[in-house]
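This document opens with one chain alone, in structure tokens, the form predicted on its own.
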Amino acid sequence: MKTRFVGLGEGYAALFNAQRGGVLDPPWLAGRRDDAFARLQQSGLPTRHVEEWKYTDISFLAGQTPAAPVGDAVAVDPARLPMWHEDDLNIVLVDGRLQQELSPALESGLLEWARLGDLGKNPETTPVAAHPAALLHAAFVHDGVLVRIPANAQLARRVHILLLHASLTPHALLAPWVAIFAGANSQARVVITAYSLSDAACLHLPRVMVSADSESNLAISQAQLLNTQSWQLATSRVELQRDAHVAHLEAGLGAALARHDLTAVLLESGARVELNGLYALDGKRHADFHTLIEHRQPNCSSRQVYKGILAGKAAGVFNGAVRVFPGASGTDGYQLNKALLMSREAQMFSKPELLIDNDDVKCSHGATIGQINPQELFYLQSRGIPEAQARHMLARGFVEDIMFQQGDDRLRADLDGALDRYFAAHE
């Protein structure tokens, strides 16, 4: 009989009990943690015999011995980070904990904010899903920050939230929580960056909540730049009210294994969401992108385009679903996934899905997986460009249009720098 789930090792219970005794949570958060860990112990972690995890094996994590991020850590100087900009509204979490002394945005007066442990009630609108990443996060969340953009605010400066991994403790378990609430008729750009300062392996379990009130306009990006010894299981949820617009961009450029489950829910008519993603993988790295867009009300639109480059023995997964609920007439949904394989050993698994319970819709999807066009390569070589450089130029051009989707020159320059480092490793 095929094993569908494996039980958690004793290390998780030991860490949970140690943290439970040392954290003064408000009652709602303590109860949520206890419930999540009980469910996690009962369910365990999925194997590849579970359909949703067919292409991504996380069962090995059950046998790990996770640790609290204590002891030595790399000195944190955010100003030396490649994606740090002094004039952003910067907020820093180190090893899952908010660092107020490194977060000048909290004192700027432009944002309203609160720590997770100071909230009197659960800010999330839905129960913890029966999903291993969601349960792990809920059971082990250390700290977090809720950022509220006031109604009618038009923020000229970007909000940049840095999730830094600095612990030298092997297999440190980090579970930061971030919530962004955009008030009615507000406009803002938010960047969330996960970055490793340490070379030690960690298990990173970020949770991001985004709520866009009526007629708000939010450009949000999530960049994952962890070291290639680490693993990330991320969950994000975006909720949109009437006539709200959210443009979301994610970049997967780090970690040995990473999976991101991103759900966007269009709760009222006129809401619009765009999900764009890029990734560049090499070696034996693995990245899995699961997206779900729920059209719950009439006259909403969604777009999602994901593109990736895979070299060596890297593997990528894209599972994008659009669900149209009964009554959601006038839905306009589109999704596209493209992958460029730079070697014979690289693999891409693509599964676009449309789940439609309404006749009055316009929905489409597509996927292409291929290698560099030899004619294009020959053309560049005939102009005196060496083959390796020509291949990199074509690969960069393949994904670079994703970076133009939000019109953020600073973000584009930062991601260009990350791609520079990726291609430099192959020269």
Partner chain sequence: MLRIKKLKARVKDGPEILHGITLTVNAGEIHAIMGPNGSGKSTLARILAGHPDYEVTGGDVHFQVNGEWQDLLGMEPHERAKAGVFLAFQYPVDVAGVSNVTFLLAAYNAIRRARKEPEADAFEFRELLVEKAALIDLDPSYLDRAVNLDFSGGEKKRNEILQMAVLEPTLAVLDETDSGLDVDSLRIVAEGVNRLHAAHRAVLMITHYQRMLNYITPQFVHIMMDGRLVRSGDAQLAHEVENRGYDWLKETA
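On a predicted model such as this, the values are computed, not experimentally measured, just so you know. Positions refer to the first chain, counted from 1.
Quick note: we don't show the form predicted together with its partner chain, though the next part is all about it.
Colleague: Would residue 389 sit within 4.5 Å of its partner chain in the predicted complex, counting heavy atoms only?
Modeller: Although its partner chain is absent here, residue 389 would touch it in the predicted complex, with heavy atoms inside 4.5 Å.
Colleague: Should residue 63 be classed as touching its partner chain in the predicted complex when contacts are defined as heavy atoms within 4.5 Å?
Modeller: It does not: once its partner chain is placed as it appears in the predicted complex, residue 63 has no heavy atom within 4.5 Å of it.
Colleague: Find out whether any non-hydrogen atom of residue 381 is located within 4.5 angstroms of its partner chain in the predicted complex, and reply yes or no.
Modeller: Judged by the heavy-atom cut-off of 4.5 Å, residue 381 is in contact with its partner chain in the predicted complex.
Colleague: Evaluate residue 68 for contact with its partner chain in the predicted complex, applying a 4.5 angstroms cut-off between non-hydrogen atoms, and reply yes or no.
Modeller: Because no heavy atom of residue 68 falls inside 4.5 Å of its partner chain in the predicted complex, the answer is no.
Colleague: Taking 4.5 angstroms as the heavy atom distance cut-off, pick the stretch from 39 to 47, 53 to 61, 25 to 33, 391 to 399 that is near its partner chain in the predicted complex.
Modeller: Careful reading of the contacts points to 391 to 399.
Colleague: Which residues within 354 to 368 place at least one heavy atom within 4.5 Å of its partner chain in the predicted complex?
Modeller: Result: empty, none.
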